[in-house]
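Single chain ahead, by itself, as structure tokens, in the form predicted alone.
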């Protein structure tokens, strides 16, 4: 049972956002800037964001050379360029908004490792640089001349450098979003999973962790910012999950010789150093079907 005061102050909003990750927080913040007097609530099922916002690899990237070439098989050239532009401009806006130091952004460049069977992509590197010129004005990709200085095995036949890539700490970025949301009076309730949404009435029903009852919130507008999990609330959406695995090693007793972000196999595999640990992630392409799941578990095939 809720008191008169609770019903009056806590259950009705102008906007209710489902999901407190990057997208949910950003949605709430930008709406608040356009409508400063609006009353906004964010509901998050976990103590921290339950999706990939604080579980990713921290790559500030927009696509490696082989990844972009692969995109042309699935999208038009206009769509590829638009996607690259949105990714890159979005990163620039984040850096301008919060500054590089608060989000631990480092412009350490990106590097793609090429095996023998991928060397043909170098024939199209100049073409891709021309294609990206409207966004970056200068060439993006170049061939690393001193490949041996990286210390990789002879299986790596070439390394492509990306001058516009960097790395950041995703949890520090999230904390900056928290601070901004707090300044704007945006409420965030964690540990409050949303069970269902009535699209006709604007009612949002969330689980009460202290009892079996549901809390009914009312909102003029509802923003569902839960990525592929959105299908749980709106089953008719044309969405398919694509889970990913990111692992870190223990602290190593030798100095990792690399600086920057590294990609292999069309961007599906990636790694970098974090402190003196090796962060390694991706490889979803080795089991696409197995990763079409919302289960938060480790795929043993990919881990191996």
Ligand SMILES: Cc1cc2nc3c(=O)[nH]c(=O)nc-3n(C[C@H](O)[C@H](O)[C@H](O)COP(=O)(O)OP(=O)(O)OC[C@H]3O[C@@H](n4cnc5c(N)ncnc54)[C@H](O)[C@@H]3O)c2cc1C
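Positions refer to the first chain, counted from 1. What you are looking at is a predicted structure, and each value in this text was computed from that prediction instead of being measured.
The form predicted in complex with the ligand is left out here; the points below concern that form.
- In plain terms, the part of the chain that comes close to the ligand in the predicted complex, with a heavy atom within 4.5 Å, is 186-194 out of 186-194, 125-133, 111-119, 69-77.
- Though the partner is left out of this view, residue 63 does not reach within 4.5 Å of the ligand in the predicted complex, counting heavy atoms only.
- For residue 50, a non-hydrogen atom is located within 4.5 Å of the ligand in the predicted complex, even though that partner is not displayed.
- Of the heavy atoms in residue 246, some are within 4.5 Å of the ligand in the predicted complex.
- Of the heavy atoms in residue 227, some are within 4.5 Å of the ligand in the predicted complex.
- The partner is not shown here, but in the predicted complex the stretch 9-32 reaches within 4.5 angstroms of the ligand through a heavy atom at 18, 19, 20, 21, 22, 23, 24.
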